[in-house]
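In the block that follows, a single chain appears as C-alpha cells, in the form predicted alone.
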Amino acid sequence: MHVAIVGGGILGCSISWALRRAGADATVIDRHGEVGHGSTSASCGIVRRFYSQPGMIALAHEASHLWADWGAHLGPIEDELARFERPGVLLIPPAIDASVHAIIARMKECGVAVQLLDADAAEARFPFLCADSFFPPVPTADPDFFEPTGKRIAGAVFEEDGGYVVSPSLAAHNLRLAGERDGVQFRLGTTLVGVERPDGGPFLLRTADGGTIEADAVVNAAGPHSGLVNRMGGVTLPLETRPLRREVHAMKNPRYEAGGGVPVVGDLDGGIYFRPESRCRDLIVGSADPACDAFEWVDDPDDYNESISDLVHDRQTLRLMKRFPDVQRGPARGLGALYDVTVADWYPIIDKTDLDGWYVAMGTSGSSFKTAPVIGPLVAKLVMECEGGRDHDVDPVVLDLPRTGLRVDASFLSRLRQANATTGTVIG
C-alpha cells in the first residue's frame, strides 16, 4: 500500500516514518524546499502535560519521554539533534477550581511530576515573577491596564520536568532523515494543485510541475492549508477549522547575565505564555487568548502579514512586563505565523473521513508539536487498520503507549466528536 502524506511539517514527517515502519510505502509532498518550513518553523516547541482531556495528557506525557530520549527514538542519523530543555512548566490559571484539581489528579495518575503551588509558594520558588492577579486581562489601551487589582493569583501548577524543544525545524529534519533511512520518499518543492480518483481507483495527486503521484491512501497534514487540500479531494468535515494569524515576540531575559533560569510559563491569568530562548539570553512571548483580544482569522493562508504589529507587540510585551517586572522593552523583534485551529475546542482532528482512503491530521491549534512523535504512530495505526477493514467510527482505534504504559482511545480526536471541554485557547 502506498500512502501520500500532504505536508512536510513535524506531523507529516512523524506520520510518514511511522507508516513506513508499519509496512506502508510513504511519500511526503510539501511545497517548501525543506521539511519544517511552514508552521513548524514558528512553533515555540513547548512540551507540557497540562491538558483538559485525559487522552491528551496521556499523549503529551508519552511524547515527553520520546523528546527526552530523542536520539534513541530516532535511531542512527547523521545530523545534529533537536534538544529538549527542561526548566519546568509553570501554569497560572485564573482559578484553582474542580477542573484544575481533576487535571492534576489525572496527571499524577499518568506519572507526571506535578505539584500545585499556592501564591506564596509560587512567589518563593520564582521570586522574579509577580504573584499578583491580572485576571481578567484588559487591552493595553484600558486606563486600568497598569493599575493593581489588589488580588493575588489563585495558585499555579508546576510540571517539574516540562520544558521546550530547541529548534522545531531541526526536529522535523531529524525525522526526515530517520524516514529516508527507512525508505520514506520526500517530494519537496512540490505543490499540490488537484486530486482525482478515476473509477474509484487509486488517488492521483496532480502537482504544479505537471506530474502526478499515485496513492492508495492520502493523509492530509497540511496545517493551515489543510482546508484547501480537503477541498481538492472533495472532503468536508463536521468540525470547522480555520487559519489563525499569531505573533510571537522576543525580549531580553534580565536573568541571563546572572545565570538565573526561567521556566516555561503559561499565564492564563495574565493572557500570555513565555519561555526562555537562545540559551536563556531571550524570552519569547505569545498570546494565551484572553477574551479581550480579537482573533485574527485568515481567509487565504497564502496571504497574511508575517511581520509583527504594534498592537499585538504592545499587548504581549507589556503583559510580560507585568508578570516579570525586571523585563525591559527593547527593539521590536518577532514574527507572524499561522495556526490551523479547530474552532470548536482547539484540539486536533485525527481521523478517517467520509471519503474512503482519505485521512486527516489537522486542526492542530498551535499545540500539537509536543505530541507529534506520538501522533505519527497513532495515524499510522489508524490508516493501516482502517485500510484493513476496521470501522474507526464504530470500533475506535486504541493506541498503546509503550514508554508510559498508558492507552488512548483515539475517538476523542474524531471528526464526529462533540466539542471537547477545553479552555478554548492554545492551552487546550
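For every residue, the number given is its place in the sequence shown, counted from 1. Remember, it's a predicted structure, so these values are computed and weren't measured experimentally.
Same protein, other form: the form predicted together with a small molecule, not shown, and the subject of what follows.
Only one segment in the set 220 to 228, 140 to 148, 76 to 84, 127 to 135 has any non-hydrogen atom within 4.5 angstroms of the small molecule in the model of the complex, and it is 220 to 228. Using a 4.5 Å heavy atom cutoff, none of E62, L91 and G162 lies near the small molecule in the model of the complex.
Using a 4.5 angstroms limit between non-hydrogen atoms, Y339 touches the small molecule in the model of the complex. Mapping the unseen interface onto this chain, Y273 counts among the residues with a heavy atom inside 4.5 Å of the small molecule in the model of the complex. Although the partner is absent here, K370 sits close enough that one of its heavy atoms falls within 4.5 Å of the small molecule in the model of the complex.
Shown alone here, G376 lies farther than 4.5 Å from the small molecule in the model of the complex, counting heavy atoms only. L192 is the sole member of A288, V265, V184, L192 with a non-hydrogen atom within 4.5 Å of the small molecule in the model of the complex.
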